[in-house]
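Okay, so here's just one chain, in structure tokens, the form predicted alone.
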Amino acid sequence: MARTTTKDAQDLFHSLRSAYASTPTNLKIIDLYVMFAVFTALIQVAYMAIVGSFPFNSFLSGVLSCIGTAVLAVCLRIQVNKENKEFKDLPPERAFADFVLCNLVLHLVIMNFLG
């Protein structure tokens, strides 16, 4: 039983890895950006757990900024993906402009929340 589970997990990992190898470079760059934003949020949460959250607004602003940026980057990835039929008429420049505008609004709200 354990051998089949390990074999299935290895087969799944191998198939995901081979499928991701054919992903375009621009989508891989967006994926790295999303992972960086989530990793930064996790570091902030770990720092808060170790040191404390004295200026709680600062902690919330930092984490929400990272998570919000990651969500907006995922939306950008969905819109830029050529295999997605829902956004086939949307040019990548428009998707990037939407991403930048939404990031500006997000960070304006974050700065307002800081006080």
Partner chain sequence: MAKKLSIFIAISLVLSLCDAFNLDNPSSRRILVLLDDFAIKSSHSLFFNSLQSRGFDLDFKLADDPKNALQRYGQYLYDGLILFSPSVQRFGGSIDAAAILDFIDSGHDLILAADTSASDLIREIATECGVDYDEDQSSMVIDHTSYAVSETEGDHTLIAADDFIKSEVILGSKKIEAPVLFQGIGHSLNPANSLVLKVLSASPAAYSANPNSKLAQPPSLTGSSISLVSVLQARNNARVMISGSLSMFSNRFFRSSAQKAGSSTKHQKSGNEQFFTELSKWIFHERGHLKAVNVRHHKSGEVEEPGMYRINDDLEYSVEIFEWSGTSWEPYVANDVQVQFYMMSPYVLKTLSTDGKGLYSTAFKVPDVYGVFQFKVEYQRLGYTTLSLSKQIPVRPFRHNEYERFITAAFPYYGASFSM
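Positions refer to the first chain, counted from 1. Given the structure is predicted, the values throughout are model-derived calculations rather than measurements.
Missing here is the form predicted together with the partner chain; even so, the following discussion is about that form.
Peer 1: 30, 80, 66, 72: which sits within 4.5 Å of the partner chain in the predicted bound form by any heavy atom?
Peer 2: When the partner chain is considered in the predicted bound form, the option within 4.5 Å is 66.
Peer 1: Should residue 36 be classed as touching the partner chain in the predicted bound form when contacts are defined as heavy atoms within 4.5 Å?
Peer 2: Yes.
Peer 1: Give a yes or no for residue 108: in the predicted bound form, does one of its heavy atoms lie within 4.5 Å of a heavy atom belonging to the partner chain?
Peer 2: Looking in the predicted bound form, residue contacts with the partner chain do not include residue 108, since no heavy atom lies within 4.5 Å.
Peer 1: Applying a 4.5 Å heavy atom distance criterion, does residue 87 contact the partner chain in the predicted bound form?
Peer 2: It does not: once the partner chain is placed as it appears in the predicted bound form, residue 87 has no heavy atom within 4.5 Å of it.
Peer 1: Can you check whether residue 58 is within 4.5 Å of the partner chain in the predicted bound form, heavy atom basis?
Peer 2: Judged by the heavy-atom cut-off of 4.5 Å, residue 58 is in contact with the partner chain in the predicted bound form.
Peer 1: Within 4.5 Å of the partner chain in the predicted bound form: all of 40, 48 and 114, by heavy atom?
Peer 2: The answer is yes; 40, 48 and 114 each reach the partner chain.
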